[in-house]
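Next comes just one chain, in structure tokens: the form predicted alone.
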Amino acid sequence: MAFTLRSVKVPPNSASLEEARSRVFDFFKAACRSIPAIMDIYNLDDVVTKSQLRSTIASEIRKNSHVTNPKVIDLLLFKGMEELGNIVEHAKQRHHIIGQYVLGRQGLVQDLDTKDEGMSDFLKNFYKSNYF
């Protein structure tokens, strides 16, 4: 699988926006086809489903849907192919994949306001006054 992805190279420049757009769709198809291999390599079956990974890939692509310059699209596409190649070639560890694509950019952030519920007024004032 890694050798088929390695053979797919992004040409230096797309001639038009439509060509760049079709290359993005081809990249999405290649990424979706590599999801079963990624699930096996990183043992992600207990953490995420294939459809959740597919929607994560789609949302990562949609983040840049406002870009209309074909050269910028080609650059983003090259970065995406490089990332996919690193993932398929097992250049990342399992916690990298889980942190970036399963949990997302938010991570395990929880509500920060709930931490202060059990604190006394003395501790609240102490923490407020001793931060530099």
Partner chain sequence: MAMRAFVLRHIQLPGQTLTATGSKPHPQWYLRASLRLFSSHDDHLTKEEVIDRVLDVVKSFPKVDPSKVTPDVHFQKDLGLDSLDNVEIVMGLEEEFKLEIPDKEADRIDSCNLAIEYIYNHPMAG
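Residue numbers count along the first chain shown, from 1. In this text the structure is predicted, and so the values were computed from the model without any measurement.
Another form exists, predicted together with its partner chain; not displayed. Remarks below refer to it.
**Q** Using a 4.5 Å cut on heavy atoms, which of 79, 95, 62, 90 is close to its partner chain in the predicted bound form?
**A** Result of the distance check: 62.
**Q** Given that its partner chain is left out here, which of 86, 43, 55, 68 has a heavy atom within 4.5 Å of it in the predicted bound form?
**A** Spelling it out, the residue with a heavy atom inside the cut-off is 55.
**Q** Does any part of residue 25 reach within 4.5 Å of its partner chain in the predicted bound form? Heavy atoms only, please.
**A** Heavy-atom contact with its partner chain at 4.5 Å: present for residue 25.
**Q** Is there any non-hydrogen atom of residue 124 lying within 4.5 Å of its partner chain in the predicted bound form?
**A** No, no contact at 4.5 Å.
**Q** So in the predicted bound form, does any heavy atom of residue 47 sit within 4.5 Å of its partner chain?
**A** Residue 47: no contact with its partner chain in the predicted bound form.
**Q** Given that the partner is absent here, does residue 103 sit within 4.5 Å of its partner chain in the predicted bound form, heavy atoms only?
**A** Contact with its partner chain, no.
**Q** Along 16-35, which positions have a non-hydrogen atom within 4.5 Å of its partner chain in the predicted bound form?
**A** Contacting residues: 21, 25, 26, 28, 29, 32, 33.
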